[in-house]
Ligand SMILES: Nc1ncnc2c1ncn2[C@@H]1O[C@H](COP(=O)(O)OP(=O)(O)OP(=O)(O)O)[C@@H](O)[C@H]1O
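Starting off, we have a lone chain in the form predicted on its own, written out as structure tokens.
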Amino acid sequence: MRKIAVSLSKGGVGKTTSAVNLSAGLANRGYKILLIDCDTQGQAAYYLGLKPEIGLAELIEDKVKPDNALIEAREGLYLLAGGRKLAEIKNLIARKDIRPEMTLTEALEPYNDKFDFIILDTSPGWDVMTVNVLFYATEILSPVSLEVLTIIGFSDFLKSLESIQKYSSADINFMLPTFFDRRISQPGEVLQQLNEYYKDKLCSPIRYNIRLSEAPGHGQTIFEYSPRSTGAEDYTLLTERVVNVK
């Protein structure tokens, strides 16, 4: 079982889009997937056209049985939803005296070895839930929009990650450039710089595609909404990259 956190401190870089469509791409290949939304906004459910009443918060509070906390969003793709109740969970974790960073790991233990991939969508910023995710995950996929401010945010994220790596095995395995627009010169320049420093971890970029922004409004993945779009093509390439990197 592989546990991949889709994470970066900066918002607006395509984390949820990437987490949902990577999960869908893997499920389409026949893998059994658990997508966990660790964000108070709970957008993963919206992307999939769902309105769950329970999810991760209730699981951590032990108010629901593990199997009942999940929604089968698509064939082979299960969702453990986020949402506003996670704000209370963050406060609960912050008040814990013993192993607060392991709260998520302990709550997710019933799912061990029941899935091929567990994909965790994280919130912007660096808080107790993000730390919990990175103690649980063994791989990190960081979407990086091709602009200078995001590169600065990525540098800050690396510093924060370094501060916990004595205790966590998670490391950045995939750097995913997003919002790549060939019509503008700056994204190409930033992509070139990333290729110089992170060549082995750099994935093929996700090109700017209006279909990717339209799909959530229809409650569909990009493969459902526009299977012939460049967005579907790019997330297919990402899925292949993830599957082939062991």
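Just so it is clear, the structure is predicted and the values come from calculations on it, not from any experiment. Start at 1 and count along the sequence shown; that's the residue number.
Another form exists, predicted together with the named molecule; not displayed. Remarks below refer to it.
Here the chain stands by itself, but in the model of the complex one stretch of 26-34, 212-220, 52-60, 66-74, 212-220, has heavy atoms within 4.5 Å of the named molecule. Although the partner is absent here, residue 198 lies well away from the named molecule in the model of the complex, with no heavy atom inside 4.5 Å. Proximity of residue 11 to the named molecule in the model of the complex: non-hydrogen atoms within 4.5 Å are present. For residue 124, a non-hydrogen atom is located within 4.5 Å of the named molecule in the model of the complex, even though that partner is not displayed. Residue 41 belongs to the set of residues with a heavy atom inside 4.5 Å of the named molecule in the model of the complex.
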